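Next comes just one chain, in structure tokens: the form predicted on its own.
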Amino acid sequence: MPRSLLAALMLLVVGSGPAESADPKTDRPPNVVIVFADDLGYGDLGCFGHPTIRTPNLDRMAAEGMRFTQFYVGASVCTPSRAALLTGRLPIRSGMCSDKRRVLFPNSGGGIPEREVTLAEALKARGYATAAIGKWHLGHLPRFLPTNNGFDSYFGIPYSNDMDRVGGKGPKGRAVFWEPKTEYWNVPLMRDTKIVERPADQTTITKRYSEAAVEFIEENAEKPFFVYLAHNLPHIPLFASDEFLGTSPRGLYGDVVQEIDHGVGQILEALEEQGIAENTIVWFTSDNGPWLPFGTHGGSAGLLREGKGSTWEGGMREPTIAWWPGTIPAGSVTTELGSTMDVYTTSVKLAGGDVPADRIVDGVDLRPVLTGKGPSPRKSVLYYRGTRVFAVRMGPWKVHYVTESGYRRDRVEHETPLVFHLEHDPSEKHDVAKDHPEVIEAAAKFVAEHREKLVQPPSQLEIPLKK
């Protein structure tokens, strides 16, 4: 379908009514900024309890905005998690997950399907300028890149920063990560659809991403805009610029997080200097939990169990902050459930549109929570690993059908599901299944109803690259 026709249809799909939630001091809907970290753990920010990583700008965001303590991603690894954020849908609905390949690789031939309506496409149809900055990981072939999926511009790397390893350079195996050098990887840095640097200089990449976000904000301050800033750190290999190396008591990992925090401060400052802070919502969260097998080069899930790759809480519950001066009550902390898929729906609603009506959208509208006027419409969370539901949360209860560490072969299929009360036991240490058969029964009914309505397309992650 020609992109011009697709754009016209998009206007019908996402609605054409007035932006009912626009800031009363302006005649335009609010800007949306999403800062998405990579492999950042629940316990890796100062405002979420880390004792030695200093994050003054994110702490400021929390002090002036809202901290979500029970906020989830759509998957516990990169590609499906990013698909969930940008489509508002569980990855299984778009084919962006697999039981064979957990993420896309440089030799993958698939990517985000054209039929999906990305958040950028939805907001662009409402008149927004749109920019993707940072790690994409939703397909590196031209038709899958950001500029063919609703973004006016793109500056970043197309997949993870540990891919395109150069054979024969640096230490062998995992030793390459302990003292990494840019030349050990041949990761491309792209501007729109062209490679502008290869290998990408990862020592300055966080700085350049933040600067690109500030530049876009300054250039588009007079109209509504959407910035999707997806850092490729603190995913290993870890790199920081000279300004931040050696500045954190936490070591290199702390240096990396503190540089990301500094960039957040630059973004907030730019919004204030342009006089648009009160008409901009800024989100900060992560794509999944910490990559624990990498020791001190990986982060911490705090009191949560396990990390990246698993459906334990540490893999999918993320540190999340929302900032919108004058709209979000300052210093608020919510225990209401939220998800990155809800960022999609909330953003479309804030822009005055409607989510696509021709498909199931899993995101809900979090405006009542953000304004302090009501509870979250979200009452449940599905924990997918690949194409299987490993666990489900309903209210405070979590029911595990299958448990497995992120990167160890210790899978257990539970004949009697495990049950945890997450508000009493966020570390998932005390199984109370024998005392709550009614919870198991209700969860089984909920999952069965979900599966009955599910239409599962072929996996995009299993399509090989044609040579």
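What you see is a predicted model; the values in this text were computed from it and never measured. Start at 1 and count along the sequence shown; that's the residue number.
Beyond what is shown, the protein has a form predicted together with another copy of the chain; the following relates to that form.
For another copy of the chain in the predicted complex, the listed stretch (409 to 417, 436 to 444, 423 to 431, 32 to 40) containing residues with heavy atoms inside 4.5 Å is 423 to 431. At a distance threshold of 4.5 angstroms between non-hydrogen atoms, G263 is out of contact with another copy of the chain in the predicted complex. For the chain shown alone, H140 is not a contact residue for another copy of the chain in the predicted complex, no non-hydrogen atom being within 4.5 angstroms. Looking at G46, you'd find a heavy atom of it within 4.5 angstroms of another copy of the chain in the predicted complex. A residue is said to contact a partner when one of its heavy atoms sits within 4.5 Å of a partner heavy atom; R60 fails this definition for another copy of the chain in the predicted complex, lying far away. Checked against another copy of the chain in the predicted complex, the residues R82, K135, R317, K308 give one hit for a heavy atom within 4.5 Å, which is R317.
Contact with another copy of the chain in the predicted complex, judged by any heavy atom within 4.5 Å, is made by just one of I195, A357, L303, A330: L303. Taking another copy of the chain as it sits in the predicted complex, the stretch 63 to 82 comes within 4.5 angstroms of it through a non-hydrogen atom at R67, T69, Q70.
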